[in-house]
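Take a look at the structure tokens below, where one protein chain is shown in two forms, each on its own, as structure 1 and structure 2.
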Structure 1
């Protein structure tokens, strides 16, 4: 008798849900389906397993944010995003279970101050398919496509030999975890301004609580910034000097007001 996956998925947002126990049951069921050669059911179980992992990772992201561990939360949110992308490409029905989480993650990422990332330039010499184990290259296609699920397992490349060629600094990275943390004059490692994330966490009290934000642009006058000179960094945050930026704007200094709208909790 097959598991009632719809019943399981309907309970995922309950307080105190035991994700590990459910994942253990799903894993055992999937192994049985694989052993029986029931690929359709194994793929359905992979989708359910991925949905559960996404919920679990999203809860962990929330908990890390509450603890003020912002970079760790950023990395966990990236894993949520990656798993949702794989799920969406293999199960449209599964995508429907997590598309609101995807929206929250993307909004959360937009509140972070990270601007520059390391991009690793690699020369991959050898890699093999995770499904069949065969060596794969541009001239040697094993028949399995990266990112597609086969008999309950996601196909990916396993790199067995590679050489690091260099590191570039980019603004739109392939891997979002590769944030650059340059030290300041006092030797501090992480001195990013997390004001917007902190502002959200004043109101976001439960993981699956709905929230969004809107941004309004206003203009302030120089008198509102004591000590501001032409050589100072512009208060608008552009990174340019004041004389090269908002000093040239007749309306004043650009300023953005973020308003958070959070679903009330009984």
Structure 2
């Protein structure tokens, strides 16, 4: 008898849910379906497995944020995002289960201070298909497309021969984990200002609690910043000196007020 996947999926947001245990049983069920050549069911199990992983990674993201490990949380959130994209391109129904997680992740990312990323330029000379192991060839297609699921497995590219051609600095990277950090002999330093993420974490108390935020722009007067001179960095955060920035603005110094709205929990 097939597993009741809807029943499983309905429970994923309960407190203290044991994701690993469920993943374990889905895995053996999937193996059996694959062995039996039941591709349809194997693909459904792949979707269920991916949905469970997304929930698990989202909880992990939340926990890392709570622990103040912001960069690690950023990387975990990227995994959530990637898995959701794979899920969405293979299962419309599955996507429905995680839509709200996706929008939470994007909102979270928008609160991060990161702006620049290192991105490589790679000259890929040989690659093979993860499903059938055949080398990619322009004349003999193996029939498997990257990012699609076949018999319960996601098709990926395995690069077997490539040459690094350079590193570029970009604002829209392929890999979000490639955040630029300054480093010296003692290692890498994280000087980023996580005020907004910290602000959110004061109110966000359970992983699946709904939240959003709005931003209001106001103007402050010079008198509200004691010690502010023309040479000081502008309090608006532009990185320019005050005299070259908001001093030129008749309305005053730009200031943004973030308001976090969280769903009440009982």
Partner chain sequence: MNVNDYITIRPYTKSIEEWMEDMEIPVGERGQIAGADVVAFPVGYRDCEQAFATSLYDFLAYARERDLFKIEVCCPEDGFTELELCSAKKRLGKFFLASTITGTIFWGVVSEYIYDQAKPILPQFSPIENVRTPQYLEAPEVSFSIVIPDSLGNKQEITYDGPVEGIDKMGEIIKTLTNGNGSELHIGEVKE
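Positions refer to the first chain, counted from 1. For clarity, a rigid core is taken as the largest C-alpha set superposing within 1.5 Å between two forms. A quick note: this is a predicted structure, and the numbers were derived from the prediction, not measured.
The chain appears twice here, and it is structure 2 that represents the form predicted together with its partner chain. The Cα shift for residue 37 between structure 1 and structure 2, taken after rigid core superposition, is smaller than 2 angstroms. If you fit the rigid core between structure 1 and structure 2, you'll see the Cα of residue 200 move by less than 2 angstroms.
Relative to the superposed core, residue 210 shifts its CA atom by less than 2 Å between structure 1 and structure 2. In the core-superposed comparison between structure 1 and structure 2, the CA atom of residue 224 travels 2.8 Å.
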